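A single chain comes next, written as structure tokens; it is the form predicted alone.
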């Protein structure tokens, strides 16, 4: 740009100069050496100029908008802190959802920040690089604001004190951790398909809206506020996700089968990951918003169904096991909560049997499954707890080699039979929770044989020995009786009662 030019640039020209015009054609290095990962997945890009920038922001405007949001956000954080916001929540049980979020979801935001910073470097197109750069900064901001929002509760409640350490080691957190490590160790186009499209565009409403709505229904202003603050970012991310898929599919017809395989894989991986969200919605919120089955119907079957219908013109069909997710929506939250209840001594949050009123609500929301399959189970657990025989499972479960969920999910065509698949690779047998996970393994066995399975690591002595109390206390850094076990009689319940009495 000529420094002597006095002409005032319009927004379109300024945007072009500050984004697309920052690129250049290489002269003394080969393109393949500068962007070595762009071609190894088999994706063919014929014209990067066809990329439509979903962000449409220059960096100076980006900082201006984000700074204004930060100013408003932290003013509310301060007000919540000064007015003892921890006392405004509906019930102390609600804080267990916050503990689950800070240990399972916030580290994913940090991994997304690192992932977008890495893959943005691998694209020859300037538009794609800038989009990844801005989303990377967004994800780092979300990490920071979530930590700051929940740090207030950390002053008064346990289970949040060491979430980065827990994310790397605690058994149930290997489910979200393995999801993101799977995406981060893929190529750049698969990473964007996995995170920007399959997760951000197709599934993000199933993660963020239930958590933020649940927070609003239960008096948690900090969580509601950071959710609203991140919502405009998430809207841009969803736009980027759709642009990525359309751009890849429009570039070359050979890209279609590659993208289809990725969509089959990442919908299934995302569905398995979101079982913890379903559990939170149906069991952990004292004041409930909607059931997991209702959320899946609204945000995936209806919205996602319309999306995949739109993609049919590119030769894309709905993901392979989408029909099984429709069947599973009536089961997955109950099965997940039962897993966590029986292993409540090895979690960083409290668990409990739902009350009679809550079971009636579940019966209403799940008329075909709850009374027939799950109410008798929970009533038996309640009877045992009343006799002082609260059930804890001391056996270590078999884990799925891919999603790392315990094999306690039922067959799609027989809800009285546990689903279990296996295969032999290089003379060793591997186990899976479903056909979907087994298919993913068969496509890249060399990748998934390296999975870090918590149960295997404990049995191999890599987690501080075979003594489970030592593993939980020293290796996981979960304080037995303070951070976990049954909610009735817990330290959290006693502290809450004392505060309420003092007020």
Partner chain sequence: MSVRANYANYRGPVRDRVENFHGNQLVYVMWERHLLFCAPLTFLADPAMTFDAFLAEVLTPALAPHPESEALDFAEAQWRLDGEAFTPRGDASLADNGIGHKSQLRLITPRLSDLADAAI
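Remember, predicted model here, so these are calculated numbers, not experimental data. Positions refer to the first chain, counted from 1.
Another form exists, predicted in complex with the partner chain; not displayed. Remarks below refer to it.
Candidate site formed by 252, 297 and 316: none of these residues places a non-hydrogen atom within 4.5 angstroms of the partner chain in the predicted complex. Residues within 4.5 angstroms of the partner chain in the predicted complex, judged by any non-hydrogen atom, belong to 418 to 426 and to none of the other stretches in 266 to 274, 344 to 352, 418 to 426, 91 to 99. Within this chain, residue 204 is remote from the site of the partner chain in the predicted complex, having no heavy atom within 4.5 Å.
Under a 4.5 angstroms non-hydrogen atom cutoff, the partner chain in the predicted complex lacks residue 470 among its neighbouring residues. With a 4.5 Å cutoff on heavy atoms, residue 450 counts as touching the partner chain in the predicted complex. Under a 4.5 angstroms non-hydrogen atom cutoff, the partner chain in the predicted complex has residue 446 among its neighbouring residues. With the partner omitted here, the residue from 80, 105, 224, 373 that has a non-hydrogen atom within 4.5 angstroms of the partner chain in the predicted complex is 373. The partner is not shown here, but in the predicted complex the stretch 358 to 385 reaches within 4.5 angstroms of the partner chain through a heavy atom at 372, 373, 376, 377, 380, 381, 384.
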